[in-house]
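Structure 1 and structure 2 below are the same protein chain in two forms, each given by itself as structure tokens.
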Structure 1
């Protein structure tokens, strides 16, 4: 009996659920309607008829009363054009909130557009977003951490899933009547977004890995900001003699790798390094003189005692604390440093930022004004064939224009302390000099030549090798051989 009841109840619940899913729900609009309702009212009236004869009679009078009545109107909602934004940040994180505010403003200014923020967090989220596009239901705007579509992302561009912004870039930017939208981006950003005749992405934020230094130390020991490796090493020697560690940072989390990458960049130049990392040209090998020399330079810096004791294996937060407490003079780290350490920086701490030094004899390989980092871009997908809602590239472009307007970017920089790619937007107030420094940048390249996104496995292996090199577990030559072996193995598997 109990079993039967249980089965019956389960059946009823399932049926109810199915019914609620299957029945289209009409949209009920409650409105107030004025209707005339006849009301019978009895009125006593005295009528005088002929001489002294009083007759009482009853008269029915119709009156009109206003009553409220609910009227159910079934209406079909006018479909809005959706702009789905795939956000790298959680919806309630500061970035998520600020981005959504721009979305609401888009809706206000363009009632036909509806902004939807979908969370796609994590460094690998771009793969999930790409998959959606491949399956015919793309988001409209992809703002995943590494969506820069060029140069490594060129592969993504070749997929044909992205919308070509070339035409739109020739039109005026948001709130402007003349000029072009493209002109509002700084030179480094423009280089990143243009692929041949096309424009693949809309960079809005630059995170640079730059060399930070303690200006009090520089003043005290009469040092000049170094432009070359030799000058940096000379400064380090002076600092060492005065009992101060020249180089902070390090750890096992890639910062040693950043040092190696940048030295190698100075020795090889951008194109050759890109070819080596991405194996686009087999003539470049890890066992070539430059990669070995870069490893030797890194080891020499450690051997001479210029780095903090925790350079190999220290915790990155502890290493940052060492820099801000004056135990180390330099730190090679991203522009996120100030935001990360906001509450721990002594008020009287003075610092400045410079580009990573060039190497004597290799100055022609790269311009001094060069830095690598992460560029966050918006990428617009073409409308999908299996999209569940009515998407609009037009609305997506409107959003992108609003988002990259000087006004909105200035607000965002103020709220989020990032470095904008839009000309005229001031740098974050808490990083002195960074705005000026980066406005003069001549070459920007993505961290790890974009392999972080296309081959995260190689990034892990490369960082392992760099850490082992710094910990003297590998000689520079062994390091180069190990890198070559790892690269050979990885690319042989990709065939």
Structure 2
């Protein structure tokens, strides 16, 4: 017998594609439904042949029919939370590219966050970003302005536009389950970040002014890295006897100023020196014994012939070349040195870095593990009242944690040759030992030796006076008197 099968197929088709992210996107879900349907089949069977009579029997058989249905479910999309990063580097510059890569990783690991890199290069960048915040539509992350973002250190923080990170800093860092985010930053960074109970910035890169030395010279003349001023001067005497200048650098009055400032730091300590530079305590005067002694020590170093030709009044680039060509053994300058002089550095040149030495009898004023410099920081703005997009402080904090993780900072150091503020991150390969040096730092202060908090006018006067001192146009006592006069005159004009 032939079996005929009747299969019922039902299709419901809805075809609608909505391409806008703001329009609900249909999702089609296929369902398989099993339906049992009685189907009457006639089966002819010969049961009995009796007297040539055929008896036919009808049999009812149940068959299962499979029907596929399509159900349309409309899902409401979740709006992305924007993290707008104000980059002060062109979008395709090395820094711009690396920062954007971190942003894209944020998106992958946090699908609810959307990273936006807004390019703000040029001299007016800070003003443009600040103006946006003042108008109620701030970016989420400001990529620069280190000192101005530190609580109490600048007008931007005092404006009340920045988000206080104190609570976030008590939580674990990226990829960690214990400890605090704050503890992952070195002493330099923490000095920049904190005042009182507030945390106003997230330092990620530092430029340190440190003492560099030629290790081949130290090996050849059996010298040991100095920890005190007397040890450094003893090394200088040995080098002088062998026809090598001990101290390079100089030329630019600011570099001579670095030497004076650091000597004074070792004699006074950070707090007293800050009070002197910023007139926060009138009991400190430039004519006090410590400022005069610092001037005497600088002049003595020059008078003994320990400095390279051109240290006073010469070209500072030529001074740096003298160091890399073995004419001078030491140079006290920032970590930017390697970038500036990369085309002039012999391939076989060997060097190392150490802290500026302490002064015998004044070791209690500062720990040996102390340095000063500049720091670049991230600052997080508070949400704006007139924001054109839905911004997210939560996503901004996630970006900052990822950005300052050991893993990402190590990658950035390799790609950009900068010095990280995160403990355990190695320094650039072209500055041997700087990562370990700064990880062990116990005290840091902003360049220019507490001058960063003073007016530019005073900074210029300090540098110019130091250059006059080094050129012997001022005696140490006259230098101190002129500094006091300049400070008195400036502060007399302040309210």
Partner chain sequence: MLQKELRKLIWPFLVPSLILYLVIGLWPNIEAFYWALTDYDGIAPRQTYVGLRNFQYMMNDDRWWGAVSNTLYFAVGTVFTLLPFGLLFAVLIMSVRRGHGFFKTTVYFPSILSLVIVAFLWVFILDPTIGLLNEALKALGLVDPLKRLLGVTALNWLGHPKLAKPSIIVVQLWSALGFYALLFMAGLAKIPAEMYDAAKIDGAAGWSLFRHVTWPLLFPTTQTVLLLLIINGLQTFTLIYALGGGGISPLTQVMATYIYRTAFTDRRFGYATALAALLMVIVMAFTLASRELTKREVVQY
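Residue numbers count along the first chain shown, from 1. Keep in mind that what you see is a predicted model, and the values were worked out from it rather than measured. Here the rigid core means the biggest group of C-alpha atoms that line up within 1.5 Å when the two forms are laid on top of each other.
Visitor: May I ask which of the two structures is the form predicted together with its partner chain?
Guide: Only structure 1 fits here, because that chain is the form predicted together with its partner chain.
Visitor: Determine whether residue 211 and residue 395 move within the same rigid part of the chain between structure 1 and structure 2.
Guide: Different rigid parts.
Visitor: Rounded to the nearest whole degree, what rotation separates the positions of the smaller rigid part between structure 1 and structure 2?
Guide: That works out to a rotation of 17 degrees.
Visitor: If you line up the core, how far does the Cα of residue 111 move between structure 1 and structure 2, in Å?
Guide: The shift comes out to 8.2 Å.
Visitor: Supposing the core is put in the same place in both forms, how far has the CA of residue 92 shifted between structure 1 and structure 2, in Å?
Guide: For residue 92, the alpha-carbon shift amounts to 6.2 Å.
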